[in-house]
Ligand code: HEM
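Read the single chain below, which is given as structure tokens and is the form predicted on its own.
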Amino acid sequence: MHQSILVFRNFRYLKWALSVAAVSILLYVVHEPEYGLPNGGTLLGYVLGTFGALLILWLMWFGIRKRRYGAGGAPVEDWLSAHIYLGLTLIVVATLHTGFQFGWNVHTLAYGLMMIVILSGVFGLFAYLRVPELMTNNRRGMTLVQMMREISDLDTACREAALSLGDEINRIVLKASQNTRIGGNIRRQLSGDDPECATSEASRAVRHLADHAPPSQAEGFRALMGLLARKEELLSRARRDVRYKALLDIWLFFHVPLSFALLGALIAHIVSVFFYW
């Protein structure tokens, strides 16, 4: 489904975007400014700037449109495919609007923010193309809730298996049950790992003690180590699932605020052009 967005309606919006970019380049090549070099203050500069500004507003409208379920007009798939390709077209349109003239001013700030927003959008596109498949493969038919439920059941089974293995083993297993974490702050979510995982520490400790345990406890240790290994495997998958979900969400925390920052810089750019130039 995600890949179909790029080929939606037989690449209709890619063709639109390429046409817009081609026309913009052609106009830039044939345009001869009355004074000096091409820049945003020429007739073509105003045309490209106006088109670019309107395109930015339309692209931002997509964030509202995609939440209006049941709204009339074009399907959300059309909007998303057009959002991707026409958003990339802004690179050409806005760059030609500047006439390749940059400086330490609000105009370049708007251009820089636009490029950052586009790059964050490209990252979001990559995430939504790649991550759902990784999530499906990682879950193996289970949901995160089901994995968490099985981890809880394994904790119970581990505590029961440890009852006959002595107080030290019971303390180790109880600590693993109480201190194992999934998720946490954003850094931990994105890492998809816990280098201080209490269950992994418990598993290593149990293996070490099993080497010195009497033969009568060998079967009990094998059962406990099998349960801990299964719990470690599920924890690893659960943490990866949290990581994949964080990757799908984190870019929005940058993309959306940066988009509004771009809108503010764009307004400042337009105001400064018409009132101070």
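Keep in mind it's a predicted model, so treat the numbers as computed, not measured. Just count from 1 along the sequence shown to find any residue number.
In what follows, reference is made to the form predicted in complex with this ligand, a form of this protein that is not presented.
Among heavy atoms of N39, some come within 4.5 Å of this ligand in the model of the complex.
Interface residue remark: L174 is not counted as part of the site for this ligand in the model of the complex, having no heavy atom within 4.5 Å. Among residues of the shown chain, R9 is not one whose heavy atoms approach this ligand to within 4.5 Å in the model of the complex. This ligand is not shown here, but in the model of the complex it comes within 4.5 Å of a heavy atom of N105.
Annotation: in the model of the complex, residues T143, I151 and F221 none come within 4.5 Å of this ligand through any heavy atom. Note on the interface: of 124-132, 176-184, 157-165, 200-208, the segment with non-hydrogen atoms within 4.5 angstroms of this ligand in the model of the complex is 124-132. Here is the short version: of L80, V92, I169, M147, the single residue with a heavy atom within 4.5 Å of this ligand in the model of the complex is L80.
Applying a 4.5 Å heavy atom cutoff to this ligand in the model of the complex picks out A110, Y111, M114, V117, I118, G121, V122, L125, Y128 from 109-137, in order along the sequence.
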